[in-house]
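In the form predicted alone, a lone chain appears below as structure tokens.
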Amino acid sequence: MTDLAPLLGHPVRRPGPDDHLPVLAVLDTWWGGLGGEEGSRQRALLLPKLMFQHFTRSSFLVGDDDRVIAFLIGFLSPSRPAESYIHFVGVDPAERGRGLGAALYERFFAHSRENGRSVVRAITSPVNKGSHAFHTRMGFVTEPGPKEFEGLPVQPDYDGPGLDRLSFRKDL
């Protein structure tokens, strides 16, 4: 796959099918075991191999053949022509706080604009306070929901029964 311009000195490229298992291998460590075995299963189910086969043109992987440093899996919505969607993002905890996640988001925003998109959407678990704070810093707003979790509006059963989510929107 073609290399892209580096981010903060790290190589960047489009992910491919061979990156599926290396990305899955870092998830539990990067999420600090959040949710235990069930959390691990949910994270893996959110990143099936098809994401690394069909959404590569709008996704980014930071790292080299030996190490995944960060990734962003996103896509241009085929059903909503003005929108794009950030599906799953991860940054190695050793690299957090240096702007790598923000740089990945900015790259995705640019890709979205280049493809005529004016809205970016994303979700996160209500218990993931770090993700909520990050999205807020990146200019996303938390969309209203019919339910609340610790004062935040929640979309109940968004990812299935009992899998509530915060829903974010950013206008480009």
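Start at 1 with the first residue shown and count on from there. No experiment lies behind these values; they were computed from the predicted model shown.
There is another form of the same protein, the form predicted together with a small molecule; it is not shown, and what comes next is about it.
Residue in contact with the small molecule in the predicted bound form (any heavy atom within 4.5 Å), chosen from 109, 140, 30, 52: 30. 130 is the sole member of 36, 48, 130, 146 with a non-hydrogen atom lying within 4.5 angstroms of the small molecule in the predicted bound form.
Looking at residue 102, you'd find a heavy atom of it within 4.5 angstroms of the small molecule in the predicted bound form. With a 4.5 Å cutoff on heavy atoms, residue 91 counts as touching the small molecule in the predicted bound form. When the small molecule is considered in the predicted bound form, residue 98 lines it closely, a heavy atom lying within 4.5 Å.
Using a 4.5 angstroms threshold between heavy atoms, residue 60 stays clear of the small molecule in the predicted bound form.
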